[in-house]
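Heads up, the chain below is alone and in the form predicted on its own; it's given as structure tokens.
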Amino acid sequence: MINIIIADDHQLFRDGMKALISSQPDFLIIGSVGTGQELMDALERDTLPDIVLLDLSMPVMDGFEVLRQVKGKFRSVRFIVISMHEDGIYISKCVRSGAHGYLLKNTDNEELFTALRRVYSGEKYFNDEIKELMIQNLALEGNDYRPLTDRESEVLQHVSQGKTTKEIASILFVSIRTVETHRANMMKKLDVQNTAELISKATQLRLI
């Protein structure tokens, strides 16, 4: 039997997953928790599972913090993240933190079962879509740029909200020329030619 704990803050999701997974003869749900702290308590107190299905967005302690805390501990436990976040940054962060798989919450039944069995057998599981998102994120990480100053970051936020140079100058109590200088410096650092490219590049790099 593959012993599994489900960690997710939505009771209906946990109940649905429990019913689905329990339909397979080789799976056994030994725990269901709603916060990262409850999961940590269960790992410290109860029989260790083979696999934890881990949500990222949980109260008290989120999935990222769980992965950070269990790193080096509970070496026999494997973690499969199951999340709504279709974001290469989230996925790469989970992988670096030791996750053995990453599934989106809209995954189909068969893929879920396959992931559980493969991870239990010692493999890692990332489907082609997830791999592509990771590759895209690695490409962005390889795009070096000089970091923005705090003031430049502040100006960037206002620019992304569609404010004019005059409006930004008024909000920050600086001259229009100062705002224009910050904008020019940001464009140079991010290697872009206009405001549209600036916002697009900043969005890709998660600066806004």
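Throughout, we count residues from 1 along the sequence that is shown. Computed from a prediction, not measured in an experiment: that's the story for all the values here. Superpose the two forms; the largest set of C-alphas matching within 1.5 Å is the rigid core.
Here the subject shifts to the form predicted together with a further copy of the same chain, a form of this protein not shown in this document.
- Stretch 152-160 is the answer when you ask which of 34-42, 152-160, 62-70, 173-181 has residues with heavy atoms within 4.5 Å of a further copy of the same chain in the predicted complex.
- Under a 4.5 angstroms non-hydrogen atom cutoff, a further copy of the same chain in the predicted complex has Met84 among its neighbouring residues.
- In the predicted complex, a further copy of the same chain sits within 4.5 Å of a heavy atom of Thr107.
- Not displayed here, a further copy of the same chain is approached by Thr195 to within 4.5 Å at the level of heavy atoms in the predicted complex.
- Using a 4.5 Å cutoff between non-hydrogen atoms, Ser200 counts as a contact of a further copy of the same chain in the predicted complex.
- The three marked residues, Pro25, Leu28 and Ile30, fail to reach a further copy of the same chain in the predicted complex, with no heavy atom of any inside 4.5 Å.
- Residues are counted as partner-facing when one of their heavy atoms sits within 4.5 Å of a further copy of the same chain in the predicted complex; in 4-22 these are His10, Leu12, Gly16, Met17, Leu20, in sequence order.
- If you fit the rigid core between this form and the one not shown, you'll see the Cα of Ile21 move by less than 2 angstroms.
- Once both forms are fitted on their rigid core, the CA atom of Ala196 lies 2 Å or more apart between this form and the one not shown.
- After superposing the rigid core, the Cα of Val159 is displaced by 2 Å or more between this form and the one not shown.
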